[in-house]
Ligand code: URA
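Next up: just one chain, as structure tokens, the form predicted on its own.
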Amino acid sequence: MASLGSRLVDIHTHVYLPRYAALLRSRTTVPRILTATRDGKPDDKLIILDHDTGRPVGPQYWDRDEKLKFMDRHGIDLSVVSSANPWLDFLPASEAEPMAAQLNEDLEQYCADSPSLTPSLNRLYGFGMLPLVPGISTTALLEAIEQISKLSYLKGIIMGTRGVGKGLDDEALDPVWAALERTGLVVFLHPHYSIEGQWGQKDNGHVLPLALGFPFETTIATTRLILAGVFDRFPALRLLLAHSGGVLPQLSSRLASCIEHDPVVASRLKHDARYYLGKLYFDAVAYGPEELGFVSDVVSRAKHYENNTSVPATATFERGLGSGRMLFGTDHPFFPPLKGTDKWPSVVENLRAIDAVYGWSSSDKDGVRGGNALSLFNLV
């Protein structure tokens, strides 16, 4: 195993816990796991969106030993595991509340029983789950946060973009943001619904909704949080964005300009919109060094936009500063290699991208590969 300063930590890696997989198998409507056989062998398919033809699923989606084998094969020392979408969005509040509590306990046990790296450090930690569904009470959500905060191996929560039905900028979530800020739990914002109705008639598999729809979903949800002043009211909230923040970094200056010229929101925020990107965390699941470098640049310059100050044309920033907000991920068990190979391209390409970012020092790269995660999740 690597020394503490050079651990490889995967913060974007999923699991369908056995209890959750059993729930999906019991269903006759989407989302569901459709159980079938082919040539006498299991041929199960996971179907999580309407009009989805499904994807093959097997033990790698729920078996902890398979997760650990994957980690060992790729030299991953530690993983922060999250339940995969669609979480509990499809359940009524009366069922979502107890299911969330049970799945949080399941995930705690999944992590607690994993091997250890050191006497004080396990190989698996997790993001818990809130019963974020329409009709749920604020009390139930706060109780779920309190439960998660007391579980030793759960270091945050995973959250979709719908909140309790009206999106994440819904004022009804303010007590939730306050509790998450108070407990210090990391919020991993992850898409699920993509952008419907834009993909045309050709069969392009999952490419358009995953490559474009997911990032735009994350971008819109985060922008709504900014516009709603959530980061002004809860400045210590720790929000980690999937897929390197979608296209928010690329569009952040356009966003700032649109805000400045819109009388509805021009004076609403304490800071220029670009400032808030420096308060966020980003996974490094971008597959290219140029993309990672750009996100790092945007984060590095953010401090110049505090208090809506005018940034001089001569202002400079150090690219490496932004790397401190970026963390390696693999998106396992999704995106398995289509060709026979022992290594997954989703791992190899993201590690190559980190290593090739121009302007990052060796220390910066070590941080993205693992050091930043150990610090963010208070594991060191």
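From 1 onward, residues are counted along the sequence shown. Since this is a predicted model, take the numbers as computed values, not measurements.
The next section is about a form of this same protein that is not shown, the form predicted together with uracil.
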query = With uracil left out of view, which of Q109, N122, S149, N85 would have a heavy atom within 4.5 Å of it in the predicted bound form?
reply = N85
ask   = Looking at V348, I48, L321, L68, which has any heavy atom no more than 4.5 Å from uracil in the predicted bound form?
value = I48
query = Does the 4.5 Å heavy atom contact test between A179 and uracil in the predicted bound form come out positive?
reply = no
query = For F334, is any heavy atom within 4.5 Å of uracil in the predicted bound form, or not?
reply = yes
inquiry  = If we define contact as a non-hydrogen atom of the residue within 4.5 angstroms of the partner, is H14 a contact of uracil in the predicted bound form?
reply    = yes
key: Contact test in the predicted bound form: R32 vs uracil, heavy atoms, 4.5 Å   = no
inquiry  = Within 4.5 Å, heavy atoms only, one stretch in 209-217, 248-256, 93-101, 299-307 touches uracil in the predicted bound form. Which?
reply    = 209-217
query = Which residues within 176-196 place at least one heavy atom within 4.5 Å of uracil in the predicted bound form?
reply = H190
